[in-house]
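Only one chain is given next, in structure tokens, and it is the form predicted alone.
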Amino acid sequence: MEIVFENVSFSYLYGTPLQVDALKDVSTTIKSKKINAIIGPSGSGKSTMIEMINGLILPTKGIIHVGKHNLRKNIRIVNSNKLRFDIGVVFQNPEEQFFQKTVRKEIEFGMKYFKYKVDQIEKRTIDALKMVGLDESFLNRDPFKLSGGEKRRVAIASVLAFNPEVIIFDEPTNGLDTTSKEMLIKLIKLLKNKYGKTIIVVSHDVDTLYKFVDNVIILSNGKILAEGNKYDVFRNIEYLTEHGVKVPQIVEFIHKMELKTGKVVGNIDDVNDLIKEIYQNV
């Protein structure tokens, strides 16, 4: 599902004359069946963008095309349930999306809300757990008493179970160790490559993002600073640095190596591939 922003602005009104412009005339496209990253400093407009995609707030100006849904100022979303069904959100803090006393009920909640057939719910619940690396022994556990990594997995499973076309991950690597991050990367790649999902990842962790995203949108003060293929966007190191945007460490290292050796390394996602490239050219 493609998502298109056309000259979208949004202002938070805190009483006249106090107004905060969170987004300013933003036009961009979030690519269908790709992993799209939205990055930028706090207050740049990232959260506003994902809230509008999910129909929680509407543009002050402009229009957003979310598949067949058109979101604009002062309209009532005719089929809000359908929009919610198409868009799944994994919150930064898993506890914010937990409502039930057991993992089973938590994962079932979305399917029951969207009126899945009873005979589908049990299978989809177990399948969703397996996709995030958890087994059936978790079904009767209290989600609030799980470890941080386990909570994150249950939160993801509860979204996967009702099978939305678009999945938004808000700061998904916060609090995760290296092993859990690698598991998450594999899962997100699987969702794109095998199931054709459109993925949106909002994160400050650019080093991890660079390993698996396809496209990047960089926001600054409510405007788009840069966007496009991740290799093209992060190649412009000086421009991004001037605007206070953190560049992935591997990109900085490759840039310094190319300057020193005069050899072009090319597009490499992680350190292991870089090491292979270096040894092949020694």
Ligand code: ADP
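Numbering starts at 1 and runs along the sequence shown. Remember, predicted model here, so these are calculated numbers, not experimental data.
Keep in mind that the form predicted in complex with the named molecule is not shown, yet the notes after this line are about it.
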Requested in this report: Decide whether K46 counts as a contact residue for the named molecule in the predicted bound form under a heavy atom distance cut-off of 4.5 Å.
Outcome: yes
Query - Partner contact for P41 in the predicted bound form: the named molecule, 4.5 angstroms, heavy atom - result: yes
Query raised in the report: Can you pick the stretch from 47 to 55, 27 to 35, 225 to 233, 61 to 69 whose heavy atoms fall within 4.5 Å of the named molecule in the predicted bound form?
Result: 47 to 55
Query raised in the report: Can you name the residues of 20 to 37 that have a heavy atom within 4.5 Å of the named molecule in the predicted bound form?
Result: V20, A22
